[in-house]
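Here's a solo chain for you in structure tokens, the form predicted alone.
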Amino acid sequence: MLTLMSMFYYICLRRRSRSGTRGEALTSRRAVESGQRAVLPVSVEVEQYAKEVLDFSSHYGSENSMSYTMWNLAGVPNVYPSSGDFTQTAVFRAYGKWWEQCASAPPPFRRTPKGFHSQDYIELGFEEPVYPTAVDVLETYYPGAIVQIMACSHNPFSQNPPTDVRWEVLWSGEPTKVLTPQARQFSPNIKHINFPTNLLRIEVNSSLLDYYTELDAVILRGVKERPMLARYKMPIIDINDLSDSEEELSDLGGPFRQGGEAKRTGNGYFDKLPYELIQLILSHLTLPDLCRLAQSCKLLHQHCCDPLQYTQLSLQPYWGRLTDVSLGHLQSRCTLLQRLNLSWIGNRGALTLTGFSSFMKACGQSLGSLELSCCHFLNEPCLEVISQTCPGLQELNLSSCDRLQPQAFTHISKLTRLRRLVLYRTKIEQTAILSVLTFCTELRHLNLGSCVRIDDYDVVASMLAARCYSLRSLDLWRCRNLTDRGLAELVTGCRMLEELDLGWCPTLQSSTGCFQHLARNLPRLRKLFLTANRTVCDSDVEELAASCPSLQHLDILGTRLVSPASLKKLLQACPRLLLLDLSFCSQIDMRVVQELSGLFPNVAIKKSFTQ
């Protein structure tokens, strides 16, 4: 019996490629057979804070300051153990389900694995590579968003180009809603890995939180020498580890190759099922499951290769394993592809222009939606390929592709059927965006948040008013130079607007009457963010109450001039209101918030605090 169990563990170790080399696995087997016990060497644990923030998907702050930015995660804590809303912390752009409820939000992709919860991420570099023994995250406000912590084999400070980059999950879990917004140190039990790392990735999901989560610092603890226990101890075997899932994902589509078809033609009761019914059943499988099922018989191989199974394809959950080879194997099955999500994929050399171009030329003809958020492999030739191979493209997301050079964006103007364009945190300049607006007149949703290289937003607003009459949503978060003149032209020309984000736009002044003019011209308005505009006053709120009965989301954080009386009028006049952010409104204290919440229980009234 002992021999059989030992062989079982040996087979499992062989399948778990990351548990060690062949020699280490054999040594582990001998250790079990002989009843030996592994002995840990004495090793000093290193404790270090993040040296540098390497990459992130979004942040609340500006590109030109440190307040509420991800760069605050580098170094020692600024706030912890204090709790509350502090500008010295790292804050992601969104929280809760409010953003998902907006008309500008794209529908979710089918086949997304149930275990994939990540919405945002940040990557941190540390001084010394270590074998991790613990990771501590100091959360100072509304904790509970962290869903995954990963380690990378690549040294981000090495002068050598990355080769054979490998990511390992140290810990993963589901998003949680912690009962208190108080600060805490999050120290999950992490998995031991067999390579040293000084690059961590933290992924978050803030959908269950009542307000923005704030992170202060990350501590990586570890030893410089590989622990002997990691070499010899027997890992706990999970039934899910008995599949070759990692090989399947790194060689995605490989099982579909024609050489491995079964010769036997009898498929039992499957032969009696209608083709369409089998297709419907298979449509509920994830992509790796399709790969496995294709190996079972000739009939299911045919179904799993059917291009109708690939009209929507989200590869984002597999971002750490996708390569040019993976896309190459999928090409023949994606000829009817309509929606494609490649967000977060291809960084550190995993995808190249050659592999991306080949896939797009084979699969882009029917493509209507393309998600490329945080894809740092993109360059100008890639955007040129998109403009040439995707004539019917209606949705393009380049959010946080901040390494794309300004001249690359000129190719977007060739996609004349665009309806949704996300350029958040990109280097697009004024000439390029004006060219896009000139030719892409069917735009419905446009995101120019944190696009700091646009010199004159008044000119952009004027062009939008003249060319994009059907615009439904516009995000101008942190645009620094939009004035009342540009806003007046915008709301006069784009009267179909339902969502307008003017958060942290300091050049807009209520004294010009611009906000009241906005309210009178946008009766369809559902979402309005006037975040951190200190001049918003009672007259503006009362005009919103009178003119915008469909209002659902309103953010007037930071104003000193709004009273409880005007807010009560707003809440009475806007029965669909769901979110009202009154944080740092000096006339509104917690007593007023509690009173209004009692009168209007269906409205989430936000009031952050600083301890």
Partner chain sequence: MAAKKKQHLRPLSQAASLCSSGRVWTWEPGLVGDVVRACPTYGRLLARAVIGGLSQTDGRDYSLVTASAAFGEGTFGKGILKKGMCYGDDACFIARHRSADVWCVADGVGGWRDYGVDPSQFSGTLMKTCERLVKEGRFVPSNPVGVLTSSYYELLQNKVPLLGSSTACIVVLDRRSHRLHTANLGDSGFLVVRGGEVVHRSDEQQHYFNTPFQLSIAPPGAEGAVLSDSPEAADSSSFDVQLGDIILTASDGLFDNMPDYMILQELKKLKNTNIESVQQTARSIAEQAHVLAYDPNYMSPFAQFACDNGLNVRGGKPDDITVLLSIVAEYTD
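Positions refer to the first chain, counted from 1. Keep in mind the model is a prediction, meaning the values are calculated, not measured.
Below, we turn to the form predicted in complex with its partner chain, even though it does not appear here.
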| query | finding |
| --- | --- |
| Heavy atom within 4.5 Å of its partner chain in the model of the complex - the one residue of 579, 561, 54, 546 that qualifies | 561 |
| Candidate from 295, 332, 507, 535 lying within 4.5 Å of its partner chain in the model of the complex - any heavy atom | 535 |
| Candidate stretches 546 to 554, 44 to 52, 58 to 66, 571 to 579, one within 4.5 Å of its partner chain in the model of the complex by heavy atom | 58 to 66 |
| Contact label in the model of the complex: residue 72 to its partner chain, heavy atom within 4.5 Å | yes |
| 4.5 Å heavy atom contact, residue 203 to its partner chain in the model of the complex | no |
| Residue 409 within 4.5 Å of its partner chain in the model of the complex, heavy atoms | no |
| Contact flag, residue 78 vs its partner chain in the model of the complex, heavy atom cut 4.5 Å | yes |
